[in-house]
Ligand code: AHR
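Just one chain is shown here, as structure tokens, and it is the form predicted alone.
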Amino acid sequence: MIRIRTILSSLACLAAASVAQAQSRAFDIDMRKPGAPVQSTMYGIFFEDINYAADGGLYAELVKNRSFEFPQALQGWKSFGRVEVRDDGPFGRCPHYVRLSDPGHPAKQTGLENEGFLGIGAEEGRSCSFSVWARVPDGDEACVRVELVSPASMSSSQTIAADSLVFKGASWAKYTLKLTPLETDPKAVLRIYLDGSRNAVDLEHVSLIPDDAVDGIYRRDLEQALADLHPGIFRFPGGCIVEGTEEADRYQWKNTVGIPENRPVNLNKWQYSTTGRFYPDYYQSYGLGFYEYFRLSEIIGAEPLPILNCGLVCQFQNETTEEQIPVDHLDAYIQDVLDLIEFANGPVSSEWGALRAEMGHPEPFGLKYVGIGNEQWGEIYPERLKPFVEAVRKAYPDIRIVGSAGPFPHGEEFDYLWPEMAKLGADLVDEHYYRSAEWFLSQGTRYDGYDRKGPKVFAGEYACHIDDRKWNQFQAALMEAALMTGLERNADIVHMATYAPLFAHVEGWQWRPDLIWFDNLRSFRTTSWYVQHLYGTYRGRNVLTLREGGRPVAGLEGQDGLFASAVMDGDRIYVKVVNTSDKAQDVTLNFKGLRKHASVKADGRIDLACADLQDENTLDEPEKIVPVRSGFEGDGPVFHATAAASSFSVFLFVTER
């Protein structure tokens, strides 16, 4: 959210810098004819379950291994007394459950304790809904006591919330209760005791979800951070997890739909992909599945873009063709794509449309895009992509297909794949670039020379990495803002862009930098988030040509590290200026070609700036670096302003007739 506040000292230097600056840079903005449309999908978000982004993050479930389906059935749990794991439960794809029995002595206890995801975030006064499927094996009556416990509490009792449940009968049924913590503890645990008569009881699918979760599914502060970006596109579920390391652990969307109790657990490849940050309990519960992704797209107003496996497992981890799925074994993979489109868009009379309706959404989701393959490369990719394209075109000719340009933004594989994607008729090509500040500065005109008749560009994963310190310092955000002026200026060819990765738990990450960081109770938005927010908020509908001396303002030789772009939205005009140099620079914005009796009026400015390029927002200082709105007034067509050293500014104008 843009914060309106008095101009701080870091920006108060603008006037003084203006006096010191010897020459103003003249930017000409052509108003005679609006340029290319800026797609509604231009700026969006990319979600992958890395860094505990799903379970333990956006998915509001607080219980780890809630259905006892991890390979080690009690991983995430501590058991005491007489606890037995059994595998003939009521849900066919998740058959495990536990039986709690009398410990054999009145002074002893039987029960379970769940550690949550790096702890359970309990907040004073914030109620949570506990639920469990249960039965009493002998058909009689049994009772359990459910507690939230603060292990670090110095009070006489560590229990901060408690209630009891009574179960009746030998048939499986779902039981619920509310827990409202009396204290706050981000590292609480959940305990379940066999109580009362101590008759044996069977428990399955133990769940604890905060009552303020959006739709009962999404952690509220993290969902809000997504909504506030005003995203136009939502790419999911990855990323490398789409591929898996082996065929068996690839992401299979059909395992993620239907009732959550019957969604099988899957190994998350990020459990072991970075051995220096190894998390042996990192699995996907699929509680956040394809239905939930489509629903989230709807809630935040973004077009869904699912990515599906093309018959290739991770090429970084499988180097030979022999390790891949043969081309003549792709029928099931192709059918998965067709069935997904039916799930999203099909009538309730269809097999997969009926399942969508049964899950609570009879209306189609209106899917328009599908990506096939993540960041594959080499001849084996287009060879496999071809039958997918043919099948989708035949069954669903209006669906737009996204192909891949591989994992790198240039080089032999990149140069090979682009013509192949055009030959196959891909609508968009997904480019990825995790690169240095120098690389970002060199790419101001990257898309100026692209073929306008071929596929469009999807900048599907990008982030600036400063040297070896891959964190979210302000300098990285500034480089990303500079690059994005080139995306905006080339909106006729660039139709989508998504920063990556999206989320990271401060204690459970494998990859950085990331857009949004969180712990069990708090979160903060990085300076890169604020860059994305400004572009998404001030996206505009059409590009306006902005030039300096006939050249784009793209960090070219002699432009002193300046980047700029302009867009219009009805009677509103947004001019973005990024100054990557270490000195303030005066700029003149000259609106040319105004129609007769038309005028332009300044309506304020927004600046994102920081004196220390290595500074960043944190959990303790979440708003250390945020955009500042200030006054910027005057009637055009000529306006004078100063871009502070190392700053990103959005100048706001309104046209009048």
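Predicted model, so just to flag it, every value in this text is computed and none were measured. Residues carry their position along the shown sequence, with the first being 1.
Below: the form predicted in complex with the named molecule, not depicted.
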>> Which is the contacting stretch out of 62-70, 611-619, 44-52, 590-598, given heavy atoms within 4.5 Å of the named molecule in the predicted bound form?
In response: 44-52
>> To verify the annotation, which of these, G540, P231, P501, P306, has a non-hydrogen atom within 4.5 Å of the named molecule in the predicted bound form?
In response: P501
>> Exactly one residue in C240, A357, I300, V136 has a non-hydrogen atom within 4.5 Å of the named molecule in the predicted bound form; which is it?
In response: C240
>> My question is simply whether H432 lines the interface with the named molecule in the predicted bound form - judged by any non-hydrogen atom within 4.5 Å.
In response: yes
>> When the contact criterion is heavy atoms within 4.5 Å, does N520 count as touching the named molecule in the predicted bound form?
In response: no
> Is there a non-hydrogen atom of E488 within 4.5 angstroms of a non-hydrogen atom of the named molecule in the predicted bound form?
Replying inline: no
> At the 4.5 Å heavy atom threshold, is W511 in contact with the named molecule in the predicted bound form?
Replying inline: yes
> Taking heavy atoms and a 4.5 Å limit, what residues of 461-477 are near the named molecule in the predicted bound form?
Replying inline: E461
